[in-house]
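Let's start with one chain on its own, the form predicted alone, as structure tokens.
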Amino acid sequence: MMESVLILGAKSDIGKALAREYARHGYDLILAARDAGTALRDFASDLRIRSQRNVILRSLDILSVEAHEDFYFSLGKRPAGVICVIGYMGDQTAASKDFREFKRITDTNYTAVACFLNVVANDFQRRRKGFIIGISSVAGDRGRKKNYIYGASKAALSAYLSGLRARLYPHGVHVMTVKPGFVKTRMTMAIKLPPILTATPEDAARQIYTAQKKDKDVIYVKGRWRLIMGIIRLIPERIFKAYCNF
């Protein structure tokens, strides 16, 4: 049996692009998402035909943390790698007033994801092999007025992946953090994004696959974002709080 990759959040445009990319390179796939059997049935059928790879659908609510361990070990033969594409922007205004929206943002982007990846990390450490890829965000590089709650949850994920990377490195397990920047997806169709800073899901998938094979630690899908966020981080706080309203 070929090695497989588990993709969490496989309903997303990037998740689907990653599924196609890894299938193209000979991996079997386990695609996990809420109501995966319904939401991904046609996509999985098409991918099986086009790639001649085995594609399994599994339903998972990442917020049901008590079920993580049972879900993972019910997979039978464990995957060679796990890619987490789960993310939730949420409503910043609502989250600043309603703890339920605040909790949904932080749990979906960080707490529940980290709980699941803990299960994976322990298994990979015992096996002394595997790779973990977490999709974080440039929003986590500095808290900004318009999305600091989302940004804080992604900053937490980036810090978690950094520590996990250091923990698992001696055990032969690769952990990679991905910061996509702007990506042209269904959710951003109505937004005018700058082409020079915007990737397609297919671009992101190709770069993620290539970087994973090269054991990269942190990548920005569009390299310009590394420079941009480096400059933003250097802006003094007294200036940033007064004039940077983006």
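Numbering starts at 1 and follows the sequence shown. In this text the structure is predicted, and so the values were computed from the model without any measurement.
As for the form predicted together with a small molecule, it is not shown, yet the points below apply to it.
None of 83-91, 70-78, 117-125, 164-172 except one has non-hydrogen atoms within 4.5 angstroms of the small molecule in the predicted bound form; the exception is 83-91. The candidate spot formed by Ile105, Gly151 and Ile219 is out of contact with the small molecule in the predicted bound form: none of the three has a heavy atom within 4.5 Å. This chain lacks the partner; the member of Lys213, Arg50, Arg186, Arg41 within 4.5 angstroms of the small molecule in the predicted bound form by a non-hydrogen atom is Arg186.
By the criterion of a heavy atom within 4.5 Å, Val55 is excluded from the residues contacting the small molecule in the predicted bound form. Contact annotation for Leu63: at least one heavy atom lies within 4.5 Å of the small molecule in the predicted bound form. Ser158 falls outside the set of residues with a heavy atom inside 4.5 Å of the small molecule in the predicted bound form.
The shortest heavy atom separation between Arg24 and the small molecule in the predicted bound form exceeds 4.5 Å.
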